[in-house]
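What follows is a single chain, given as structure tokens, in the form predicted alone.
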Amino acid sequence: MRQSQLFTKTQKNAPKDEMSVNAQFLIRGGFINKELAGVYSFLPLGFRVMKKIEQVIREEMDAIGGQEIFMPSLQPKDNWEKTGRWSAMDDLYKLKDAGNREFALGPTHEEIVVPLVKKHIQSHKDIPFAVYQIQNKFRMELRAKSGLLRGREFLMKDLYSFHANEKDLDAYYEKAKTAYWKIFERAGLKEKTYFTFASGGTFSRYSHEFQTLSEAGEDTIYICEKCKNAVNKEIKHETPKCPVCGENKFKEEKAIEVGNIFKLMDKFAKPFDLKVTDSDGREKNLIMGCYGIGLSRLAGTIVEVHHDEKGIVWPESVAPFKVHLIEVKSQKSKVKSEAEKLYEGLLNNGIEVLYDDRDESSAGEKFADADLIGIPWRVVVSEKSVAAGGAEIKKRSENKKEIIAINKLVDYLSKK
């Protein structure tokens, strides 16, 4: 991608009404645009990041047998009345059309997925199985703030698993837990993320959250000093000892909830009469698990964790490009020709590159933009670098710079 053709531009200053680090850097860097509180457009750079996150999640959900589907955002009122949540859920967006028919804008999809599954599942031979989607959600968030961390419209992955008994659910629950750790490791968050016990709702003592340490977090968690599991503040007075090891020494931290998993049991199977016939010919309710990750919140969390005073420092797995190639303006044609040759070489070898070929921008402006945008590798072609025998290469996360021959750079970066 040539930066001269990128329709978005960087900004020197963040909007005054955005206080969070993720919103400031993502808006300044041209990743997102704020449409209203809690609602953002994803621009070319930001959309590339979201697609990278989406692919990481998709691969790990597929690996545990998830089947991807896509369900509607507009949902029938009748389904929500069957579960009792039409009147009970305070953050539900409700719509009415010209024919006076009422709908919900989906904040979650149990009311769709359960009747959908009922049409296709008849016996115990059809289970267990799991379906997931990556789709927009809507919640009437009265305190939309913190950039992508708390939104009214957001992108989310929700996985639903269906089982004949709790033993089978427990086994899949552990698979999902392992898949989540792989996702957070690939997204560069595992070292700061803790498996956290939270309130369990109707059917179990606990649900489980994945909480990433950050001063931007709205949650307070207590990390067990012995086993490193955590307890959410909302249940801490009920859980004075660690639920895993029994230790009672904790460290208090601020954190962002980046994922959750919990057992639904037959809470949603009952209202829709979702049953299967077992091997003895008896009908029984299916039980379910639910597993969520907010992709847009995950993107915001990555920025909160991976940044410095100059801008974002993307982990390579989710960065919009691998390489930011910068051509430093020169009167000598060799600089441009060498930069163009390198750009073509990178593209031809499948290396994603943003090429800053802008004629009107100074070297200082280009370097500042590169730091703000945060692509993992910066490669500079200038009179100085060419005279020294190649191009200057630097990792965004490091200060070390080195000159590598231009004809060796593609091979060098291919191995990184």
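A residue's number is simply how far along the shown sequence it sits, counting from 1. It should be emphasised that the depicted structure is a prediction, and the values quoted were computed from it without experimental measurement.
Note that the form predicted together with a small molecule isn't included here; everything after this is about it.
Novice: Is E253 near the small molecule? Define near as a heavy atom within 4.5 Å, in the model of the complex.
Specialist: Flag for E253 set to no.
Novice: Counting only non-hydrogen atoms and a 4.5 angstroms cut-off, does P320 reach the small molecule in the model of the complex?
Specialist: Flag for P320 set to no.
Novice: Just to confirm, E257 within 4.5 Å of the small molecule in the model of the complex by heavy atoms?
Specialist: E257 belongs to the contact set for the small molecule.
Novice: Does E185 reach the small molecule in the model of the complex, with heavy atoms at most 4.5 Å apart?
Specialist: No, E185 sits far enough from the small molecule in the model of the complex that none of its heavy atoms falls within 4.5 Å.
Novice: Thinking of the small molecule in the model of the complex, which stretch from 69 to 77, 150 to 158, 241 to 249, 277 to 285 has heavy atoms inside 4.5 Å of it?
Specialist: That would be stretch 150 to 158.
Novice: Could you spot which one of H109, R297, K192, H163 gets a heavy atom to within 4.5 Å of the small molecule in the model of the complex?
Specialist: Comparing distances to the small molecule in the model of the complex, the residue within 4.5 Å is R297.
Novice: Looking at E225, E141, E81, D126 here, can you tell me which has any non-hydrogen atom within 4.5 angstroms of the small molecule in the model of the complex?
Specialist: Checked against the cut-off, the match is E141.
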